[in-house]
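Quick setup: one chain, the form predicted on its own, written in structure tokens, and binding and motion questions come after.
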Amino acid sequence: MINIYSEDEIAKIKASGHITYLTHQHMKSFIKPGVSTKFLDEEAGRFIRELGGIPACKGFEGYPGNICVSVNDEVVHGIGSENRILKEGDIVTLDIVTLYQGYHSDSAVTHAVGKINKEKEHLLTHTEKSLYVGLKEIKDGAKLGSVGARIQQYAEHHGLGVIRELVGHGVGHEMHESPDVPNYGKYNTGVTLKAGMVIAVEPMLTAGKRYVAMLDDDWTIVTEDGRPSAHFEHTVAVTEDGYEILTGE
């Protein structure tokens, strides 16, 4: 079942999204060489709680972290570790889910650690741009397949791999709800979007091939070829004539 949220409920998801947004802003100053991914995880969790939210990743299906912290070839679900120290030239994704007053919000950003090479710059620039290319397709009556189709078209035009095994999703009462929101597909196919739907759109792209594998921790997903991956995500509400980002300012 796909949930249709009322204006009041969307306002509550947006309040949750504001905490997620503020947490992303807060974390920017800590992303630098010499910082452990465990510190990033703990600081984000502390800050979310300080604002009255709950870091919803913690304990979700047994996940041990407050947020997901994924470095370089780690696509998603990286677990913060005292032994994983950021280095100059790394890229790191913070994927943050906040639960606030019964509503979830979900957003991810990939950051450069110091100066990065041109391959990673290209990857970050165009993964982020692909998110907004996809969002432009959203409005009441549009087809969900058009969102993924535009993301795929943009990504592949810029030489990036589009991961198929990982997708966006509905979000609100639960962290993951229907429908799935792939980053690939055919234009004008799939679920019909309706005003009041809330979805997390999240391109996960690679600088190499699209294939992925899971590490022995049963959580961390990495690129099969070891090339870097980037991930940008917003929670958005479908409106009559477009969309509203709920994890922005």
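Nothing here was measured: the structure is a model prediction, and the numbers come from that model. In this text, residue numbers run from 1 along the sequence as written.
We do not show the form predicted in complex with a small molecule, though everything after this point is about it.
Put simply, residue 106 is close to the small molecule in the predicted complex: some heavy atom of it is within 4.5 Å. Contact annotation for residue 68: at least one heavy atom lies within 4.5 Å of the small molecule in the predicted complex. Taking non-hydrogen atoms only, residue 95 approaches the small molecule to within 4.5 angstroms in the predicted complex.
Although the partner is absent from this view, residue 133 stays clear of the small molecule in the predicted complex, with no non-hydrogen atom inside 4.5 angstroms. This chain is displayed alone, yet in the predicted complex one of 30, 47, 60, 184 has a heavy atom within 4.5 Å of the small molecule; that residue is 60. Note on contacts: among 120, 111, 77, 126, the single residue with a heavy atom within 4.5 Å of the small molecule in the predicted complex is 77. Of the candidate stretches 172-180, 156-164, 82-90, 141-149, only 172-180 has residues whose heavy atoms lie within 4.5 Å of the small molecule in the predicted complex.
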